[in-house]
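Have a look below at one chain only, the form predicted alone, in structure tokens format.
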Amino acid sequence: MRALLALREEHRQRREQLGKANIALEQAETSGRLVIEARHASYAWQDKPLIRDFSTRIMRGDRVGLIGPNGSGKTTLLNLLLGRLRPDTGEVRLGTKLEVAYFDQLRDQLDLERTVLDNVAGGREHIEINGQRRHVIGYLGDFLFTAQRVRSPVKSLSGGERNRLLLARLFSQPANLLVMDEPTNDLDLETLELLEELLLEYTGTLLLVSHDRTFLDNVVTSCLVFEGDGCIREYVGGYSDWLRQRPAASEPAPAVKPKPAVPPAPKSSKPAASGKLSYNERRELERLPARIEELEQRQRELHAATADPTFYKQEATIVTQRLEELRILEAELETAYGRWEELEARE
């Protein structure tokens, strides 16, 4: 964990040396004070309860993170909150003057044959951001595109470059409700730092789905946590705040997945009386970052598959298998993180 934090700090210092980018999210007209209200909303898919008796009030300026295993229903909850799905029971009410920008939706709007420049500006040389006229090449430069790269077709871009292009499109749209479903996937650390700065300066309302703990801690002010069997609870603060506030070992156990961390216990039980790591534990600690990276890569692949609009149109057995695979992977990832934190605390 310390190694990752040190790496993030190194990239932050590099960005500061280059100077702060001149980016600002295009702001829409201020929304009403109440943005979204849900009252006793429930929703099931093929008799499986994804959301059960859920109530919340999201006010203007709130920054809400959604936390839960893949396949638990986070995207479904977003669609309910945005009025795109109707709850089976209960109700969801939207506030007034809402202008929504949905990051994940933009993925399907990129024209692979057109250039980066045309995908953002549509042939214009200048765009307007918050009343300021900017040359589109300079604007795209803030997203780490060179003057030469902006003339490349989108089909030639890497995954990280495409994500930066999506962010550039997103930040050029007027919005007072910003919805981001796993925005950090494939982002390099410089772009991630840019995104954090933009979101912290954003005065509208944010709904954010992410598995990036540090990103959630830095950006959100509250979290909606899927705790199993359709139960969703709200906690003040980010991911770390939720970990401190959650009930100990009782109800949230299925969602937080502390129990999967039990299998490695035999390794750590021997030196329990001593704070020092054994030789085998030290080797385990050295290998954990690579293992976590491998698990997170597979997690991103599975998440992309389940996020496809056609995913739930497949046979129920295939959908169930894939969701179960995601749940198992999530449990293994939580176990690895827990073990990493445990060993580092004793190092």
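Just so we're on the same page, rigid core means the largest C-alpha set that superposes within 1.5 Å between forms. Numbering starts at 1 and follows the sequence shown. Nothing here was measured: the structure is a model prediction, and the numbers come from that model.
One more form of this protein exists, namely the form predicted in complex with a small molecule; it is left out here, but the text below deals with it.
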Would all three of Gln299, Leu302 and Arg322 be in contact with the small molecule in the predicted complex, where contact means some heavy atom lies within 4.5 Å? no
Looking at Pro183, Gly73, Gly204, Gly238, which is the one with a non-hydrogen atom within 4.5 Å of the small molecule in the predicted complex? Gly73
Mark Val35 yes when one of its heavy atoms lies within 4.5 Å of a heavy atom of the small molecule in the predicted complex, and no otherwise. no
Using the partner position in the predicted complex, report whether Pro69 sits within 4.5 Å of the small molecule, counting heavy atoms only. yes
Would you classify Leu50 as touching the small molecule in the predicted complex, given a 4.5 Å non-hydrogen atom cut-off? yes
Can you pick the stretch from 54 to 62, 41 to 49, 281 to 289, 314 to 322 whose heavy atoms fall within 4.5 Å of the small molecule in the predicted complex? 41 to 49
Tell me whether Glu301 is among the residues that move between this form and the one not shown (Cα shift of 2 angstroms or more, core superposed). yes
Specify closer or farther for Thr214 and Glu301: how their Cα atoms are spaced in the predicted complex versus the shown form, given a shift of 3 angstroms or more. farther
Compared with this form, is the Leu140-Glu301 Cα separation smaller or larger in the predicted complex, the difference being 3 Å or more? farther
